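For reference, the chain that follows is the form predicted alone, supplied as structure tokens.
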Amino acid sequence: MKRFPDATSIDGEAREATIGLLYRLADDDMTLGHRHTEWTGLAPILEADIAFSSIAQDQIGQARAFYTLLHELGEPDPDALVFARKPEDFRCCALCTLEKGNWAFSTMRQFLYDMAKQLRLQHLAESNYEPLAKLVRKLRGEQKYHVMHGHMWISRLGDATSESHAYMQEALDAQYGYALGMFESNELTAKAAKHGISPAEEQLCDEWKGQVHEALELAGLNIPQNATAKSGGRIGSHEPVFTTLLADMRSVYELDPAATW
């Protein structure tokens, strides 16, 4: 299978699929990173406040790195991709756009998302698009700490008290269908798998379920049955909450879009 050493070497449907994948990766991280910043100064303990703020910083930094790869492929510069696109142009999954909710809700989301991202990065480290594979091999060092953080809170709250268990189970029940939506497939994901840019979304979902279900069950939590995937985000069909999030994220920029910061 052909490998692509740089942006000038990839064209046709492989290029189209790579651009589609990078938008998913970047938009997910940017959106959820912003959601995580909403806990800065509000988390239940100082350690958690610092950890969540650090994860948010990592995610926004990683989003910028993915946007930079997009720019190398001919897309607008990173600032324009974040601040100048219409809501329907974003390809983030619905899970990342949901309001922060309570602490159980946010830690459950962080766990479900980062378990999926860790699996994705493991595969992308061998991507046939070498600039992406090279970047991902650097990012995996940060990602392992995000996963450790998620595991810690799932196990700490899942079987601590009847109250904490109830909060975590409620968060899982509310989010599981949204989490399945992370793996929404379409024509572009099929092309990405065909050219060895990324694995098939169905494969990733199966691997994610295996790892996540085991961790949740160890924490005393029940896997929701018959949940259906909340799809649409990957084609720009977002819930109203995303428009509100985007307006908040852009509030300073829109005071003077022409300003140089």
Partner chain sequence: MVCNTTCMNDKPGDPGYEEHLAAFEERVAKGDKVEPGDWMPDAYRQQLIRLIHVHANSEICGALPEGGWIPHAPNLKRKLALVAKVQDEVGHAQLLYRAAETLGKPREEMIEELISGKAKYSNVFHYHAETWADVATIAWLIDAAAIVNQTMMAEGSYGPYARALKRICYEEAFHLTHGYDMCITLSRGSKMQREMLQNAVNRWWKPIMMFHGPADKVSKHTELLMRWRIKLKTNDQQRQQFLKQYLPKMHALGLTVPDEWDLRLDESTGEWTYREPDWDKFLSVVRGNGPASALRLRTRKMAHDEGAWVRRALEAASGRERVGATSAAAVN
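Note that the structure is a prediction, hence the values are computed from the model and not measured. Residue numbers count along the first chain shown, from 1.
There is also a form predicted together with its partner chain; it is not shown, and the following applies to it.
- The closest heavy atom approach of Asp11 to its partner chain in the predicted bound form falls outside 4.5 Å.
- In the predicted bound form, its partner chain lies within 4.5 Å of some heavy atom of Pro44.
- For Asp49, a non-hydrogen atom is located within 4.5 Å of its partner chain in the predicted bound form, even though that partner is not displayed.
- Although the partner is absent here, Leu157 lies within 4.5 Å of its partner chain in the predicted bound form, judged by heavy atoms.
- A heavy atom within 4.5 Å of its partner chain in the predicted bound form is found for one listed residue only; from Asp89, Glu126, Glu163, Glu187, this is Glu163.
- Between its partner chain and the residues Leu204, Leu216, Met30, Leu69, the one pair within 4.5 Å by heavy atoms in the predicted bound form involves Met30.
- None of 133 to 141, 115 to 123, 96 to 104, 176 to 184 except one has non-hydrogen atoms within 4.5 angstroms of its partner chain in the predicted bound form; the exception is 96 to 104.
- Heavy atoms of no residue among Lys209, Thr228 and Lys230 are located within 4.5 Å of its partner chain in the predicted bound form.
- Along 240 to 254, these residues reach a heavy atom to within 4.5 Å of its partner chain in the predicted bound form: Asp248, Met249, Ser251, Val252, Tyr253.
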